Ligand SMILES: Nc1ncnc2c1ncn2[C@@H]1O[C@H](COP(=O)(O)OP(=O)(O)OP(=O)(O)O)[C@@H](O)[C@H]1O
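Take a look at this single chain in structure tokens; it is the form predicted alone.
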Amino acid sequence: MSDVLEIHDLTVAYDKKPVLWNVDFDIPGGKMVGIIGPNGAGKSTLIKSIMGLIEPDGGHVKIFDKDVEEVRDRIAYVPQRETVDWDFPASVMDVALMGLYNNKRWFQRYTKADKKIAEECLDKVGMLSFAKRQISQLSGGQQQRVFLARALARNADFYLMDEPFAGVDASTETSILQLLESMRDDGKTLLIVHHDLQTANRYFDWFVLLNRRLIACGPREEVFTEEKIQETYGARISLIEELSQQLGQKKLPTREY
């Protein structure tokens, strides 16, 4: 399968301070890709730059060999839960239907077929019974699942997710993982910011290791190695210095700090 994402010399700065510096990599289609790196490494900035939500200071991004605005209907985005205004007056069904927004003309009502799609997506994430509930009344994990349903409703080819497992319990994480794996198996491409080093080695078949600059990008067996992780985390490596043993079954700390 050809490359879904091409990033060339991407540089992003806030207040003239570089957050991403000359980042350059490609992602093939049909992969579940983990973006891994310490806090402040630019992981969320990378996702937002790919989505066109942040204007880069240099370089370019191509998705399906086109600019993002030309293929936005083929892309779905799940933001960090903390960045969403959960007090916005909307029901769970309203949020799921938002995934179909790009398919609607101004003031066009949602059809029965649209609502059926939204119901199916809510059912996939175990939230259909909450369809009439206000999103502000949900737990953090439930809110996360609703936003995942919204992304599913788009029926996109390329999904970008900023910490979709954050704040969910173990059983919910397992069910979300199974859903994402089935999407990948159907040929979808998923690019996911993830913090849990203990599960990363099991969850992803491809990695982007990032610390303001690209450390490595490629298949799990080539990239998720002790040497590359040390280079990614630098001085923080004391927390994960037993990586090589963990890769042979020893436990890693569940989060990087």
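Heads up: residue numbers just count along the shown sequence, starting at 1. This is a predicted model, so every value here is computed, not measured.
What follows is about the form predicted together with the ligand, which we do not show.
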- Using a 4.5 Å heavy atom cut-off, indicate which stretch of 197-205, 31-39, 65-73, 223-231 touches the ligand in the model of the complex. 31-39
- Task: Sort through Gln80, Thr174, Ser139, Ser91 and report the residue having a heavy atom within 4.5 Å of the ligand in the model of the complex.
- Result: Gln80
- Message: Given that the ligand is not shown alongside this chain, does Lys188 nevertheless sit within 4.5 Å of it in the model of the complex, heavy atom to heavy atom?
- Response: no
- Determine whether any heavy atom of Leu10 comes within 4.5 Å of a heavy atom of the ligand in the model of the complex, and answer yes or no. no
- Query: Would Asp114 sit within 4.5 Å of the ligand in the model of the complex, counting heavy atoms only?
  - Reply: no
- Message: Whether Glu163 contacts the ligand in the model of the complex should be assessed with a 4.5 Å heavy atom distance threshold; does it?
- Response: yes
